[in-house]
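Shown here is one chain on its own, the form predicted alone, set out as structure tokens.
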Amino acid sequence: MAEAKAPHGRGGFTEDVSAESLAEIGLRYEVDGEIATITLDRPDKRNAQTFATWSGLARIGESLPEQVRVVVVRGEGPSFSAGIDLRMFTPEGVPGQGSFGSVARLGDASFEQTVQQAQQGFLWLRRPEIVSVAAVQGHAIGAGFQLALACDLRIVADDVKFCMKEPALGLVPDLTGTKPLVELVGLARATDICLTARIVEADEALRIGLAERVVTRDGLADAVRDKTAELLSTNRDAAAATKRLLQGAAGRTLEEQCAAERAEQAMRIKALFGGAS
């Protein structure tokens, strides 16, 4: 795989996503043709996340090369991500990044901007022109759970442990995770998962729709590779159009969805057959 440097990113400008800059904050980013792989790479800290993690994820999204169709998000070591770096709860915080205490002292506008910037690291994974796949093993706690939820698909190892820890810490999940959680499992079950901060293991995750597939830990990489190949086997533009339809379906009436289908199909048929005699 090649180090990812994207002079023509989808965000309209180039961000620093060099291996060196990302390694400093515990991320790896590689592009191999139509596949991008993002690795949380702080295994000694169970891939705990910081403000810099979220900024780095956002920079990757802004700089994603146009040819990429599938984005795989994974964690190095025994855990996908154990959530927020606990140093952020201390007065000292994370060196060079501050703490929740320093954020609490911001004015309202600056506070909202800080959280919004963090959310950008997660939001781009839902773009219609890509499919994002989370390869999840071990702990996926709090911010780790929300990163998995930000992806379109979740393939998990049989040792996975999902947990929405924020309410137990006096916080709310604010990294875009609440909406997909409710959409996947329903309001009642999402309430139970969040307000008890209980562990959801692999069998339950599969049963309630948090995971598309459960495999052995040793089989996780192969399962993700197979799914990626399946996703790349479909027409690029048809895949993006279909994802747009699916993402918008919940907010439309049946009549509105039918109209959206007609509009997308018109573009596809004209693109495929418009030049035919």
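Heads up: residue numbers just count along the shown sequence, starting at 1. No experiment lies behind these values; they were computed from the predicted model shown.
The same protein also has a form predicted together with ligand ACO, omitted here; what follows describes it.
Undergrad: Decide if the three candidate residues 30, 74 and 227 all line ligand ACO in the model of the complex, where lining means a heavy atom within 4.5 Å.
TA: Heavy-atom distance to ligand ACO in the model of the complex: none of the three under 4.5 Å.
Undergrad: Only one of 48, 36, 211, 220 comes within 4.5 Å of ligand ACO in the model of the complex by heavy atoms, so just point that one out.
TA: Comparing distances to ligand ACO in the model of the complex, the residue within 4.5 Å is 48.
Undergrad: Taking ligand ACO in the model of the complex as the reference, which of 86, 195, 188, 106 has a non-hydrogen atom within 4.5 Å?
TA: Comparing distances to ligand ACO in the model of the complex, the residue within 4.5 Å is 86.
Undergrad: If contact means a heavy atom within 4.5 Å, which one of 110-118, 123-131, 180-188, 138-146 is the stretch that engages ligand ACO in the model of the complex?
TA: Comparing against ligand ACO in the model of the complex, the contact stretch is 138-146.
Undergrad: Does ligand ACO come within 4.5 Å of any heavy atom of residue 82 in the model of the complex?
TA: Residue 82 belongs to the contact set for ligand ACO.
Undergrad: How about residue 66 - does it come within 4.5 Å of ligand ACO in the model of the complex, if we only consider non-hydrogen atoms?
TA: Although ligand ACO is absent here, residue 66 would stay clear of it in the model of the complex, with no heavy atoms inside 4.5 Å.
Undergrad: With the cut-off set at 4.5 Å between non-hydrogen atoms, does residue 44 touch ligand ACO in the model of the complex?
TA: Residue-level check for residue 44: yes, a contact with ligand ACO.
Undergrad: Going through 102-137, which residues have a heavy atom within 4.5 Å of ligand ACO in the model of the complex? Please give them in sequence order.
TA: The stretch does not touch the partner at all.
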